[in-house]
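To begin, one chain is listed below as structure tokens, in the form predicted on its own.
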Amino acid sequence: MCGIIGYIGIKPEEILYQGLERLEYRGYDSSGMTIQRDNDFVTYKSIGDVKKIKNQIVFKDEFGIGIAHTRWATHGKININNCHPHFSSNGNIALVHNGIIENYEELKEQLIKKGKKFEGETDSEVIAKLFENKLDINDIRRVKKKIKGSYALAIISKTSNCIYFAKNKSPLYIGIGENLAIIASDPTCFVGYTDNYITLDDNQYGRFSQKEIVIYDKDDKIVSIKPTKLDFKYLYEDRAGYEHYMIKEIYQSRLVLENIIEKYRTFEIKEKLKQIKSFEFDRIYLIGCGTAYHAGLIGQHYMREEFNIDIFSEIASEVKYKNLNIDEKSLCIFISQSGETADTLSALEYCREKGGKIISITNAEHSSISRHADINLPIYAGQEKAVASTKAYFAQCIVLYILTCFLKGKDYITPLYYFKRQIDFGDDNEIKLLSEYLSKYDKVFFIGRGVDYISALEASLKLKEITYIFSTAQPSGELKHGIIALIDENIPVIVIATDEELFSKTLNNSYEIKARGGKLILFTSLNIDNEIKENFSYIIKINKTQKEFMPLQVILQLQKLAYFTAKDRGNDPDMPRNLAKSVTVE
């Protein structure tokens, strides 16, 4: 889940540092940079977020070759010794790595017996110590054969004018511009420098300079790859005056909806939808992790309302272990914001082997999941920088609604236009008052029935991700089956109620909580009388919209609740501890 970047050209310090800022969503435990000039290295390393390294760097306008890394710790503590780049024993070769080397302990033991010394505890340093005195394509092949696992590598030496690379199960892209060349974990690093980039496939490796790229495949044959055009509109974004990316991205949901409406009226997208409709299938699987899994639950809700077939939502990391009934009549829909989620990609490969038809719903058309799918449906959310997903979740649910309608032969444009006019972001002052109240507690529960329970799951995830408050969500009807034993005067319970048919039952469950001292908070779109109001410490009223969009209407305000509560607790909502945006390791 780390981010790597390599660069050849003028002002390498500036371009590499900017790349680290753009890759920081992939990890921000530490960062490092090595520049090669005049057959020597200059290295900078720092613990913490990327801006910590900036004061160390001596920025020069001269030509240079460099690599840089922003880390999300997997092996080894967060300290300078474990910070990338790592070096060969003689210090002539430096590398940065994203991924996990599965056999690193075995390799490390062998290297120690040969007299190699290690400064840190990372699996990445083992790769560096496998290199000897030189760096050429044969050395890349030799080292590549020894390591097992996932890796995106960028490697330089004191005497070479190239950057060497290797890729397996971790994203890696190369951009070639005028008098410069860049390699990175994300094409956003190319914005402003080159219009075209190359997407590397698994087991490819090679070298590049300013003027030449040489790529080898798994059979050690040179291959030619057609460049992809950068779409600047949906790539890099700044905070545009907002204090944090997260709050900006919540407010971008209406713009995202406009993008989706525009794009899903085009011939290109309708042809994709027609192709999906032409598939023969008798069951549907919706597969994702975290927030994407919750979007799958919303999609399952939509589809079960319309189709008389089996429809399942599955957590991607569990798919391979469940012996699911997947065959050529299975429509397998994989949901991922980044399109690089390792568990989701692994589940995709499993379902393909079983014969399933593979559909992806992603925010990155260049990503591994998008490219491995039979058909990719983009969500057009633009870059999402905050770790906690907001607008991407909103967009995933909208695309699942569109897919459901198209397969059923129903109009989706008119309802979406109507919803766009009704989107309700709520009253910030009301939500801030509630967040100030919640921020003083260590535990918060969420309950709801039906689709409101799905909203409770996603709201609970957002709260725990960025506030570090212990939070859990339960169907309100399950309270008496265990969870009510935890209720006391120190537990606020957020009740989500947007379905009039289920409201009285949800209300009865709420009263059971109040009778045991729990503090009740209500998010509802329904009209309630004064007698009911007296039972709740806070009530947040949600504007009504069409029933199918109420989960999205309510989640916007629950996302903001998490955001403001995180701020009240002194946390950075964009970069919560121990989390990274793109989970590229299993």
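The first residue of the shown sequence is 1; numbering continues from there. Note that the structure is predicted; figures quoted are calculated from it, not measured.
One more form of this protein should be noted, the form predicted together with a small molecule, which is absent from this view; the next part is about it.
> Which of these stretches, 319-327, 337-345, 305-313, 433-441, has heavy atoms within 4.5 Å of the small molecule in the predicted bound form?
Going by heavy atoms within 4.5 Å, the stretch is 337-345.
> Against the small molecule in the predicted bound form, would residue 389 count as a contact residue? Criterion: heavy atoms within 4.5 Å.
Although the small molecule is absent here, residue 389 would touch it in the predicted bound form, with heavy atoms inside 4.5 Å.
> Is there any non-hydrogen atom of residue 462 lying within 4.5 Å of the small molecule in the predicted bound form?
Although the small molecule is absent here, residue 462 would touch it in the predicted bound form, with heavy atoms inside 4.5 Å.
> For residue 82, is any heavy atom within 4.5 Å of the small molecule in the predicted bound form, or not?
No.
> If you check in the predicted bound form, is residue 291 within 4.5 Å of the small molecule, heavy atoms only?
Judged by the heavy-atom cut-off of 4.5 Å, residue 291 is in contact with the small molecule in the predicted bound form.
> To verify the annotation, which of these, 476, 185, 396, 360, has a non-hydrogen atom within 4.5 Å of the small molecule in the predicted bound form?
Only one option qualifies, and that one is 396.
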